[in-house]
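Read the single chain below, which is given as structure tokens and is the form predicted on its own.
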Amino acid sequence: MSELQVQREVDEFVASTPKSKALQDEAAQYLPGGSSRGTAYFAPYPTFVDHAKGHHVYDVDGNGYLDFMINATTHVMGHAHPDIVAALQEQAERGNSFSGPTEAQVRLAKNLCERVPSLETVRFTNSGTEGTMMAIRGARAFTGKHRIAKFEGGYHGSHEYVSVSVRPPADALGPDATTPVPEHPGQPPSVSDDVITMPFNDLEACERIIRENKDELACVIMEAVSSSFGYLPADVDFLRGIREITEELGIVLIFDEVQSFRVSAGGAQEMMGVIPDMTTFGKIIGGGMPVGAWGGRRDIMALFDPTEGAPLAHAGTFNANPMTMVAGEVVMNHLTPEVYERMNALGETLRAKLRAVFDELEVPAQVTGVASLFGIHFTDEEIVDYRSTLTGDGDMTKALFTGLLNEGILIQTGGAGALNVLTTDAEVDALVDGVRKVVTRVRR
């Protein structure tokens, strides 16, 4: 890869986005780094969005981008879908938040409980982070135990107890995945003491770790489709093994389906046939509005029931606000089995065509993903866990991201993305052709 060519990609991006550069300079005076969201920043600076419609997002400089980022997989219906817009307009005229519940909350909760195998009851909040935090709190209260287990490289939001071994650098890793690495400076030592880390897709090691800590272990939290590994689905036998061990030992199994819920009507757990005790949600269930949720077995969720004098309080001014509820209801009603089938088939087509391009160009690369999700890794090593992702060529990943912006295509900075219900073969081919052009340029 030519460093000069990579710089040319950056220079082309800068030349086409002067208004974004000016806004970034202004924003940096009032916001740390010019942003309120770490993932919204990328070097040399992010494009500032003006508006979005359908499959495209448009920046303040008038550039349009075919959007496969779709706000971290959120906009499964595309941007500004007319049915969602209409529902929000109608609700806004009735009021956008109240101190009491609404019927829309009941309808969306019923929809989710009827779809998701693990859900007997559910509660709403305003982010996936809050959803995983409350699920862990429920598991601790239910079991009377305090330690939790998560997987090395697993991301479950930004609260303290999951901010361990999320993106540890290679030089911080021990010989195996069992040593927790604090994600932030100044984290209390007790966080690392209370969090056990495990290697993804290694059942033998996980069983040993879980059994060694069973007397103190309240829960295992995991993504059945790991968003940090390019939407890598876990091996089904591995998932079944984790389920069997946790069930045997009375340890609560939590599936984080904040992103993977889009793979089928009942999420990854339905697709893979492995049912956890609790599930957390976000992204698509709010129709583009702020949202999170957690739910599961009735006996665990009863700990949050105020009519029974429950020991766990859960408040939040905007929890289950009607704007989010009506937007989410539109999405859930639209995602029929036929829609999933078509979208997931296109995802398989995309992954196959990307692999063919890398073979054609003789570029060492792995394409991961499942259903409507995909990830690109510039390595010749099979992606099976966090450590295998570290073998990838990070400079090539950055070059692909910037180069695709110059081609009018937006993906995640890490090389991953998602389709939506508006995606057709034309959008798939546009992405594949863009990847071919960029990789050819930067390796020239």
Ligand SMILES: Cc1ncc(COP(=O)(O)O)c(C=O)c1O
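Residues carry their position along the shown sequence, with the first being 1. Only a predicted model underlies this, so the values are computations on that prediction, with no experimental measurement involved.
Not pictured, yet referred to below: the form predicted in complex with the named molecule.
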TODO: Can you work out whether the named molecule is within 4.5 angstroms of a heavy atom in all three of 227, 256 and 291 in the model of the complex?
DONE: yes
TODO: Find out whether any non-hydrogen atom of residue 223 is located within 4.5 angstroms of the named molecule in the model of the complex, and reply yes or no.
DONE: yes
- [ ] Please run the contact check for residue 319 against the named molecule in the model of the complex: heavy atoms, 4.5 angstroms, yes or no?
- [x] no
Task: Proximity of residue 155 to the named molecule in the model of the complex, heavy atoms at 4.5 Å - done: yes
Task: Contact of residue 128 with the named molecule in the model of the complex (heavy atom, 4.5 Å) - done: yes
Open item on the list: Tell me which stretch of 155-163, 208-216, 194-202, 302-310 has a heavy atom within 4.5 angstroms of the named molecule in the model of the complex.
Closed with: 155-163
Task: Position in contact with the named molecule when the complex is considered in the model of the complex, options 79, 123, 262, 283, heavy atoms within 4.5 Å - done: 283
